[in-house]
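Presented as structure tokens, the chain that follows is alone, the form predicted alone.
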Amino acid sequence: MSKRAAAPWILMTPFLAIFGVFFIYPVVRALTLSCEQTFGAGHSEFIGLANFRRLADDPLFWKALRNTTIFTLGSVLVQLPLALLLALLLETPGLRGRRIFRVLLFSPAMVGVAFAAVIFAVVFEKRTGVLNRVLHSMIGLDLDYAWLQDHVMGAMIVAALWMYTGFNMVFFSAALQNVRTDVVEAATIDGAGPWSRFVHVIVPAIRPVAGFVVLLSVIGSFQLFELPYLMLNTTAGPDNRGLTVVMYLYQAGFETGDLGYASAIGWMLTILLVAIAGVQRWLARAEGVHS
């Protein structure tokens, strides 16, 4: 190989070395680890696909997946429509204080997840919690009402709503600013009302951004860990009502010590997210063809 042909490979060597050490090796090791049963540090036994067969019959895994799916649906079906509504309101022509409202609504996204978990643990606490005290004074709710025991996923959805609605609102605001005003004005002249303009003009224009935001929310929701872990004081709540897939992965790997089973959980989560991303991409292409 001539020096001229070798030059690109020499220049790529640092990247390839870093990529191999910090990406290729961890992926391959995680794959092989999922076929092992570990007994603490340095002790393992190859068991093939037994970890994945164990997952299929593991009620805790399916409960964690169910809880995570409920949280994800809450994020997508509640949080994103609210974010879009706020973006539409902020893009109303002639609105005063637009920048101030935008900063106020986005600011919770700048708060760390750990800090938000502490805040909402106080909000939903029994007797001394802010929510119970407010509802007790308004409707006479029992001060000992246990939100974090009876409505764990609902509390998580509310906390995530506070944290990420403004974050997603920014994406929708950027998309709305790129909607062609001449098309909206033409629809108005043709007699289209606000709802008709929204459905037939605005939604098609922001669909690519909306698809990205939905995918981002789904992936982030399925990776839920810090929020329930800290809100529930490092537990999964009563009857594992706050258990998520990543929390179960953590319990299997670092509390039980079976890193092989934890790796299998991680690969199942990866396969699920890749499948969701594939479906979303297929739907986007199908809509593009039909449009």
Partner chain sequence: MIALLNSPTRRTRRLLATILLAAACIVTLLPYVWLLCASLKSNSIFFDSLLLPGGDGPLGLNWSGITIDHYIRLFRDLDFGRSLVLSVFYSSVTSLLATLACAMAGYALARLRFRGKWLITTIVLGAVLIPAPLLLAPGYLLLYKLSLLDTMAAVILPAAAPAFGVYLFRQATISSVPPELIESARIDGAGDLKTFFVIALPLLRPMVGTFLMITFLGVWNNFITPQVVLQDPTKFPVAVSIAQLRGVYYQDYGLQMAGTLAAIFPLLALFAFLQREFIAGLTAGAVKA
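Heads up, when I say rigid core I mean the largest set of C-alphas that superpose within 1.5 Å between the two forms. Because the structure is a prediction, the values reported are computed rather than measured. Positions refer to the first chain, counted from 1.
One more form of this protein, predicted together with its partner chain, exists but is not displayed; see below.
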Does residue 62 reach its partner chain in the model of the complex, with heavy atoms at most 4.5 Å apart?
no
With the cut-off set at 4.5 Å between non-hydrogen atoms, does residue 130 touch its partner chain in the model of the complex?
yes
Non-hydrogen atom contact residue 237 with its partner chain in the model of the complex at 4.5 angstroms:
no
Heavy atoms within 4.5 Å of its partner chain in the model of the complex: does residue 111 have any?
yes
122, 230 and 254: each with a heavy atom within 4.5 Å of its partner chain in the model of the complex?
yes
Could you list the residues in 58 to 97 that come within 4.5 Å of its partner chain in the model of the complex, counting only heavy atoms and keeping sequence order?
86, 89, 90, 92, 93, 94, 95
Do you see a C-alpha shift of 2 Å or more at residue 270 between this form and the one not shown, with the core held fixed?
no
For residue 173, is the C-alpha shift between this form and the one not shown 2 Å or more after core superposition?
no
So, does residue 133 move by 2 Å or more at the CA between this form and the one not shown, with the core held fixed?
yes
